[in-house]
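Before any questions on how it binds or moves, here is one chain, the form predicted on its own, in structure tokens.
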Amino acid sequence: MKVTFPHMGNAWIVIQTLFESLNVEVVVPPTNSKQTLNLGTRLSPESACLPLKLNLGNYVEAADKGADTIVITGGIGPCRFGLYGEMERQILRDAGYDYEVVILEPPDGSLLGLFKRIRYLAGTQNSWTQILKALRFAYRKSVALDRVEDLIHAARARLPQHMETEKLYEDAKRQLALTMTDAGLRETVRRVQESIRERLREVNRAEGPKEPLRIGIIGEIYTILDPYTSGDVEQYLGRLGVEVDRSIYLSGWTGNHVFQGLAPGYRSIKSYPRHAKPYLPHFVGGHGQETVGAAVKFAREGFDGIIQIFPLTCMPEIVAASVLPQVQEAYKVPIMTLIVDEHTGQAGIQTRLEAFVDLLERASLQRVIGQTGGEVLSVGGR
């Protein structure tokens, strides 16, 4: 058995760790790219959403490396993700790829069925104690990854050398991918944290402290976790001097959905339905309710703006998008929506981001002028 899975941001590091801890051979699909998307689009129905097309491209690329088993999570409610496993199985079979597809969800609501699937993947050589230990360590690695990612969000907006920040990020991800101990995880996070703090101290001494604009990123989980799918929105905003935060981090989603809230992860999403209740009190599938709740939370925390990202035809996010104008009006916070598909160009995304940031900067300047009685004009030289 050679296991592969959909590529979604940094999730590959966690999934690879889990299977390697259980001595299961794993094939990590290449990072999402134009080639991945082209391969998947050829096999997909035209109306399929972008994540499904990328998933299929992942599997075609992984098949070339010998993968024969796909592992994918399931879902419930009015979201097509719950159908991905079976749809992808049939599409790949028709295209001549003899994959076995293991869907990690409780069949017919039976947890016993879910445990049987986990046991099948782990093999008889691993005890349940070993399986639980591997799950726990993989989860802890996801928390460490999320902590590093959040540190990078802060650094991008404040450090003048863009490539320096990205090099630090890539180095941290490599270290986290290789380490197989809790002590190693803590040391990597500590090292990255100290490196960023030291550079910030140097920049503050040279240029003075900087308080950047803050933008909250909300939307469908795949599009906001995967940089290729979002058009590298977070990195580009950082280059524009904006600090971003995200509504969903991998460990927060895992803690809420896989561990049923027993392990909150980094930036738990458990409170979002409560925040969303005045505007969207019902579950609408996917992360629609979480999107609205996160927008309310970011608005209450004083973020300068919010960007919703989701794939074309995503019904839960379309429902959320129809509600967000009420949040925008209630909290006077600008909200922009980015809808992506295989035809979306990065240049177009960047142009919209630049215009949105310019809007927020003007609004911020006007607030400062109002608070200082116009003195900011002489200070800024405008």
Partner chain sequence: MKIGFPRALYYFDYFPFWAGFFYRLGIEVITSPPTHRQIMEQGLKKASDETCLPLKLMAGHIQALTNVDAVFLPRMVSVEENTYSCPKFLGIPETLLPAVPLGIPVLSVVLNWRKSKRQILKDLQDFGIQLGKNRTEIRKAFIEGQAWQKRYEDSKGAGWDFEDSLREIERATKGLTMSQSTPIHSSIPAKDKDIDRLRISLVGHSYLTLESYANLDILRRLREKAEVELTEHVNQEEVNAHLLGLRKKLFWSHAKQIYGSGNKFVKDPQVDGVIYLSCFGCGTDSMVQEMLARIAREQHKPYMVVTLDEHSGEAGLVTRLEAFLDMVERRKIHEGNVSTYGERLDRDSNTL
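Numbering follows the first chain given and starts at 1. Source: prediction; values computed, not measured.
The discussion below concerns the form predicted together with the partner chain, not included here.
The three marked residues, 45, 78 and 279, each reach the partner chain in the predicted complex, with a heavy atom inside 4.5 Å. In summary, the region of this chain contacting the partner chain in the predicted complex, judged by heavy atoms within 4.5 Å and restricted to 311 to 319, 63 to 71, 342 to 350, 26 to 34, corresponds to 311 to 319. Under a 4.5 angstroms non-hydrogen atom cutoff, the partner chain in the predicted complex lacks residue 166 among its neighbouring residues. Taking non-hydrogen atoms only, residue 328 never approaches the partner chain to within 4.5 angstroms in the predicted complex. Proximity of residue 336 to the partner chain in the predicted complex falls outside the 4.5 Å heavy atom cutoff. Put simply, residue 82 is close to the partner chain in the predicted complex: some heavy atom of it is within 4.5 Å. Residue 91 is the only one of 138, 192, 91, 307 with a heavy atom lying within 4.5 Å of the partner chain in the predicted complex. The listed set 211, 98, 86, 170 contains one residue whose heavy atoms approach the partner chain in the predicted complex to within 4.5 Å, identified as 86.
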